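For reference, the chain that follows is the form predicted on its own, supplied as structure tokens.
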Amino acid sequence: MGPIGVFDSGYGGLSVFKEIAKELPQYDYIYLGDNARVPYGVRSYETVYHYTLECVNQLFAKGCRLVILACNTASAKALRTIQQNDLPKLKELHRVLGVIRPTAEIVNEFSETGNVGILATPGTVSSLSYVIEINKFFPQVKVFQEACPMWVPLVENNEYESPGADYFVKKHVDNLMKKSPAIDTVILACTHYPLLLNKIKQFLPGGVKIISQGAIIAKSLSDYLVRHPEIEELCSKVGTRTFFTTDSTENFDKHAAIFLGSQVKSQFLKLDHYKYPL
């Protein structure tokens, strides 16, 4: 038995972790943020895959048998390859889950016009993962995407409430709505984006629903553990929370307090930053 692992390229996954721990407080968790190599959204498929696999293996080595990729870019560019190519090679039962499918499965509960907008990193947009997954469940839904390359750096650098953020948020919200004025539901397809929620609401037309992923992923994980008792039995239940970062622990702790609303004390985890192209 071991903790449930939660991985993100940086701080954004803490918005998902917070909801998971709230929904399932009895489990042990290890959170790993690869802050030294953030952002993932502008990197190649190969690089994102190698970075993600390296971090997943670190969580496996720390006893995790179930890992949640609380990162849309990692879910879009690395999850399928890890599930199909890497997990079958392991002698013991391990599972890795992403955040895209659970969100795609419930989009019809929000949209009445059948026009859905996606705000995401360039990597998630180019993968077409949301378009593919949503159309699997709801072929009639029209999906419109907008890549927001500056939004993750704004959050990672604590500039998400600054006046300078207004320009970049308004620019991409306006671009998205120009693609279809009938959009009535917008998915924040990056776990960093909830910190920009107030500004996004400011520039979106009134009445447009915003889907933030944290609570959705938490409920989906709860259902998954019920449906897969062979995995649930491998998850330890003492209620511990451990945080690792590949960069400054001081910076991580400061940002984590913003996301979680409480203080944490993280540990530094050294990775081979030069093994793959930056």
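Throughout, we count residues from 1 along the sequence that is shown. Bear in mind that the values here come from a model prediction, so they are computed numbers and not experimental data.
The next section is about a form of this same protein that is not shown, the form predicted together with ligand DGL.
ask   = Does the 4.5 Å heavy atom contact test between residue 196 and ligand DGL in the predicted bound form come out positive?
value = Residue 196: no contact with ligand DGL in the predicted bound form.
message = Would you classify residue 39 as touching ligand DGL in the predicted bound form, given a 4.5 Å non-hydrogen atom cut-off?
response = Although ligand DGL is absent here, residue 39 would touch it in the predicted bound form, with heavy atoms inside 4.5 Å.
ask   = At the 4.5 Å heavy atom threshold, is residue 152 in contact with ligand DGL in the predicted bound form?
value = Yes.
message = in the predicted bound form, does residue 103 come within 4.5 Å of ligand DGL, counting heavy atoms only?
response = The answer is no: residue 103 has no heavy atom within 4.5 Å of ligand DGL.
ask   = Which one of these stretches, 250 to 258, 21 to 29, 5 to 13, 263 to 271, sits within 4.5 Å of ligand DGL in the predicted bound form when only heavy atoms are counted?
value = Of the stretches listed, the one contacting the partner is 5 to 13.
Residues in 96 to 121 with any heavy atom within 4.5 Å of ligand DGL in the predicted bound form = Heavy-atom contacts to ligand DGL in the predicted bound form: only 121.
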